[in-house]
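The chain below stands alone and is given in structure tokens; this is the form predicted alone.
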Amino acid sequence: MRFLRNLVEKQKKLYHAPDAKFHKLWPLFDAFETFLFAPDHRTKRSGVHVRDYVDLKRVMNTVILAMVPCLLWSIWNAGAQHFGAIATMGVAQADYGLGWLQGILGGPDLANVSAMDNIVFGLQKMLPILICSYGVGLGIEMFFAVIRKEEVSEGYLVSGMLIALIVPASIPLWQLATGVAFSVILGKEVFGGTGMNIFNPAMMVRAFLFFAFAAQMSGDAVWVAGNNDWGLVDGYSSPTALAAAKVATENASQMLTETWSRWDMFIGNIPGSAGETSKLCVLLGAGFMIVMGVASWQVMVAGVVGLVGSAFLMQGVLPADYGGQVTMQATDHLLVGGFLFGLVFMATDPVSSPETALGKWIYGFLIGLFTVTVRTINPAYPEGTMLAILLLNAFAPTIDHFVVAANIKRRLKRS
């Protein structure tokens, strides 16, 4: 490490000084240096100051570590769903086309698919998605940092992985790149960059892709990745659990358990977006972030209470023959779809969520309420998490405003 430190210090003189040859690129060099080493800024020995080892980079690293189980599961599940579809379709070994990584490491034996075959296929799909998400997003952020002469923020380190985990493994990369560019430029940089955005950047990507490229973000055919140009398994259709429940006429929970066991839904052995299927992995990440103190447990608990309570309420308010997700048990709303993933990793974003303690409870509860409302009443959209979080992102400052105003009013009455 001493050799690397000396090498960085030697090159630093080309960028740091205002009259240096490459001073305009100083934000890029600074980002590279702080990625390798902790910043060397120190508080002065005199004066009052707060000592805390927590900075933005450490917080971002903690959230990324919390998402690692979801990432690992997305790699496994992409392969498992793919080879499950291949077996269902009865594809012959001679007709199976290899992907780029399979061509390097060797193709699978379709008669005896191994765990390594699942992993190789999953890496084949997830690595390009991760590279595209980070490459486009960080590239745009670095461009704006150079133009504004600001430091490159570490905020996108989390957003880049979140984006990769909330899209189908079959997403075309050019569409993903377009969505990332839209989110980073119009959803973040126009507001001033990290810490100034109103909406969660990852959820903005999801919303843009859903409305701009609905064919690749919804429907039954997009959830199982293949090796052809569009990333789909030709001729195979597999709806998500929420989409299947949407068309149920009597008992959606019974229909779901006839296709997938609740254990499969909890573990994540079902079709869906790359990282949201395994509720076990999401809970592991949630527990880690709560222990490390980087995510609000109030938002998580309030969201679950809001979702379960609203599901019971809808069953009591709407007629029994309404059908769809109204007939689904409240706990099954937690096991299917991306609610838990969105609640844990995106609703708790400190930038786009309330700051007051009571505001966090209200914010989380309303996310659960609106998620169930969209799921049960909207006839065309089976998942309501995205719309609920974006809506409450917009109202987060308003929630804080009324909470603070109420506190001031109570204190004035006591004085």
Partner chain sequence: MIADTPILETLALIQEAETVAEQSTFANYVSIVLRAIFVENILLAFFLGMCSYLAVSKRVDSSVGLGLAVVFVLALTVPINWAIQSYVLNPGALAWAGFPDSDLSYLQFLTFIASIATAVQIVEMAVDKFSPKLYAALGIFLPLIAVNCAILGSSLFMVERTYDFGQSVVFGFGSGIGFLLAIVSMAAIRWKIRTAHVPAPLRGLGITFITTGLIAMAFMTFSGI
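Positions refer to the first chain, counted from 1. Only a predicted model underlies this, so the values are computations on that prediction, with no experimental measurement involved.
Just so you know, the form predicted in complex with its partner chain exists too; it's not on screen, but the next bit is about it.
Of the heavy atoms in Gly187, some are within 4.5 Å of its partner chain in the predicted bound form. Its partner chain in the predicted bound form comes within 4.5 Å of a heavy atom belonging to Glu150. Its partner chain in the predicted bound form comes within 4.5 Å of no heavy atom belonging to Ala357.
A residue is said to contact a partner when one of its heavy atoms sits within 4.5 Å of a partner heavy atom; Pro319 meets this definition for its partner chain in the predicted bound form.
For a residue to qualify, one of its non-hydrogen atoms must sit within 4.5 Å of its partner chain in the predicted bound form; all three of Phe199, Val374 and Tyr381 qualify. A heavy atom within 4.5 Å of its partner chain in the predicted bound form is found for one listed residue only; from Phe288, Trp260, Phe208, Trp76, this is Phe208. A heavy atom within 4.5 Å of its partner chain in the predicted bound form is found for exactly one of Phe312, Tyr96, Phe191, Trp297: Phe191.
Across the options 115 to 123, 335 to 343, 87 to 95, 199 to 207, residues that bring heavy atoms within 4.5 Å of its partner chain in the predicted bound form belong to 199 to 207.
Contact annotation for 170 to 184: a single residue, Phe182, has a non-hydrogen atom within 4.5 angstroms of its partner chain in the predicted bound form.
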